[in-house]
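The structure tokens that follow cover one protein chain in two forms, given apart as structure 1 and structure 2.
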Structure 1
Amino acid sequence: MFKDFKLIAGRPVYIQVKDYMKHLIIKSALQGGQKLPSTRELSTLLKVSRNSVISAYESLEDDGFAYTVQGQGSYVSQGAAAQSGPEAASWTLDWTERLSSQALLAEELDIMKRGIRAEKGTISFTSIAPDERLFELDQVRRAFLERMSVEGNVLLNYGYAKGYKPLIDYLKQYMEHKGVDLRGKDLLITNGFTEGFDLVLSALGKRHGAVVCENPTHHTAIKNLKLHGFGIHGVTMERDGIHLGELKRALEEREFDCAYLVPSYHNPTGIVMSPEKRQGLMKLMQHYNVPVIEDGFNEELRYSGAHVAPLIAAAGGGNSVIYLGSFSKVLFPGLRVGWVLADQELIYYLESVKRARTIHTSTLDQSILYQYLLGGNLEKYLKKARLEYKRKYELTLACCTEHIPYASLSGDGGLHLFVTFAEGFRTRELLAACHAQGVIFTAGDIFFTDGTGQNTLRLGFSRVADEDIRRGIEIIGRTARQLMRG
């Protein structure tokens, strides 16, 4: 005994001694009622200071693993050892038999468990997360320290389901500056877009059991719509957004509980819906009385042209649009903060659903984000990020045009481009062939609502170095041509 004790850095020695002794007690190497070595003895055995052992014994006592007999020393508490042997009630279940269909479906649709893992050295176009090298850590640090000094105790205790008030107010104004009429609306803070979408789908009754959306669309949205039991009707994308004629036919044919739409830098096509189409779209939705869930995805990553107001702005004083916002693709996805801006009555109910799910979003995340935004850091950061992403966007676009034998290419900004090959081409085969050469991307079929899209792929460029963009796309293009010839 006491031979396998090893110190690690960054953790107080006395805690390590306590942990070690606990381990021995748990494993019954030291038994209930047994006397522990004297502090002097143990300090020699473990080669640590006697003070560390004294503190360790005190801490063992605090945790109820040992007790002191005055003048005699420390003893192991009865019952502290792990239960094992005949007295343990140790039985095993087959959990897979007991899982809900939702859990099974969540696993089945979990593309993180299906995708190709990028080995070291692989050029990967699969991510559309921000490039972390652009993050300004000093500003985040400062925001944290400022907020902590103002109200640290409050930040660390329970907050409110609706969110951190200063952030709610900030984001309301932020949305007002996108042209949103706030009258009759309210805002709920969520753990990113995903929770917001999940809460809204939970709160929405299934009167018709179906949702209309763009085809292709965000694969997480497809997953969550399926998990909530909604049928999905996808409508073809045109170069300037959803096909209105086809949408009209769909709305004519059957009833939908809502539409899910990504009007700006649409995932995966990168298309920004034109202002005219937004107007036409909203008129249609109004005519058929179908509410809209608007995914404000990447709205901030506009590289040129005039501001395009979100759909919720086009709805004026109406309450028919639920806007889901997030800075995850722009700022820091590690801070899980998003928001739902919608009718105040609806938000009142969403708040209760949110409270039942996660109580509230991390107050620390919210307060850091608030302080960061208040200090004008988003503007500074966006200036830098837009410049860098625009450069990468143009490089990727140029490389695609030069190397890839595509049928069509889209992407008006944001962090990715979408490539469509001729009918019959299979990007899964292309992916396999490229993977063998150390290049991967996202096969586009996962974004399609109707099992098509086998001839498409998405290229995320935000985290790929320039020379890798060039080399990767050259390989994709060359391999595609080989497959076309083959």
Structure 2
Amino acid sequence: MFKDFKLIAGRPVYIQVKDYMKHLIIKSALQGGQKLPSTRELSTLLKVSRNSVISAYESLEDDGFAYTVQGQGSYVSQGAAAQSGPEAASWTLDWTERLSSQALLAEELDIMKRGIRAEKGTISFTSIAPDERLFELDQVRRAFLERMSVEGNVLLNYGYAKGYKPLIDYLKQYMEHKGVDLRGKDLLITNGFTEGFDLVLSALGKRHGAVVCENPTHHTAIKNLKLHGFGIHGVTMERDGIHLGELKRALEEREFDCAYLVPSYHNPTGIVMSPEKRQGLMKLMQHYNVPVIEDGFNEELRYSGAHVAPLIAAAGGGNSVIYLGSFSKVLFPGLRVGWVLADQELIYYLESVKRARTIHTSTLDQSILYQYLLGGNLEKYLKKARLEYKRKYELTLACCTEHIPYASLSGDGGLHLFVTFAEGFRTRELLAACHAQGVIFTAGDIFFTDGTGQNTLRLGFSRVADEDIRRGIEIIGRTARQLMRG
């Protein structure tokens, strides 16, 4: 006994000793009523200071695992060991038989569990997260310290379901600067886009049980729509956005509860819907009385051309668009902060759903983001990030043009490009062949609503080094040509 104790650097020694002794007591290696080694003896056995053992014993006593008899030493408390008789120990359940259909479907749709793992040294084009090397840690640290000095005690307590008011006010102004008419609208803070989408779907009644969207579309949206029991009707994409003629036919043929759309730097195609198409789209939605859930996604990563206003701005003073915003793809995904901007009465109900589900989004995270934004850091960061991502975008585009035998290539900005090969080509086969050579990407079929897209793939370049972009795309292109010849 006591020979398997190992110190971990950076953690207080007395806590490690306490936890070690607690583990022995729980596992009944030390019995109730048994005398513990003296502090001097245990310090020798564990090769730690006697003061650390004294503090550990005091902490064990505070936790109810030990007691002291004056002049005699420390003893293990009666009943401190885990109680598990032979009958209880043998009682096991098959939890897979008790899972809900939603849990089973969530596991089935979980691409992270089924995707190819990037071994060390693999060139991975699967991520569309921001490059953490661009993060300005000094500004984030300063924002944290400034906010904590102002209201630290408040930030560490419970917050409000609707969100941190200074951040709500800031984001309202931020959206107003995008051309949004805020009359009759309100804003709710969420744990990123995904929670916002889930809250909205939870609040919407299934009058028709169907949602119309672009095809392909964001896989997380497909997954959540299915988990909520909605049927999905995908509409073909054109070079400037969703096919309005096809959308009109779909709206004529059946009724939908809502539309889910990603108009700017669409995931996965990277297409930015044209201003003309946005106007035409909103007229169609109004005519057929179909509300729109707009995914703001990579809206900030515009490398060239004029600003294109979001759909919620095109809606003017109307309340037909629910806007889901997040800085996750441009700032810090680790701060799980997003928002829903929508009709104030809808937000009133979403707040109650939010309170029932998660109580509130981390007030500490919200306050750090607020202070960072307040200091003008977003504008400085975006200027730097746009330059770097534009450079990588142009490099990736040039490499694809040189090496990949694609049928079409799309991506107007953002952090990825979408590659389409000739009909009949299978990018799953290409992925397997490239993986064997140390290169992976995202097969495009997961983004399609109708089982098609086997000839497509998405290339995320944001976190890939320049040389790896060149080498990886050369391998993808060479391997694709070999498969075509074979």
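Along the sequence of structure 1, residues get numbers from 1 upward. C-alpha atoms forming the largest set that superposes within 1.5 Å between two forms make up the rigid core. Note that the coordinates shown come from a computational prediction; the quantities given were computed from them, not determined experimentally.
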key: Correct structure when looking for the form predicted in complex with another copy of the chain   = 1
ask   = By the 2 angstroms cut-off, has the C-alpha of residue 455 moved between structure 1 and structure 2 once the rigid core is superposed?
value = no
message = Please state whether residue 438 has a C-alpha shift of 2 Å or more between structure 1 and structure 2, with the rigid core used for the fit.
response = no
ask   = Superposing on the rigid core, is the CA of residue 13 displaced by 2 Å or more between structure 1 and structure 2?
value = yes
note = Using a rigid core superposition, the C-alpha offset of residue 27 between structure 1 and structure 2 in Å is 2.4
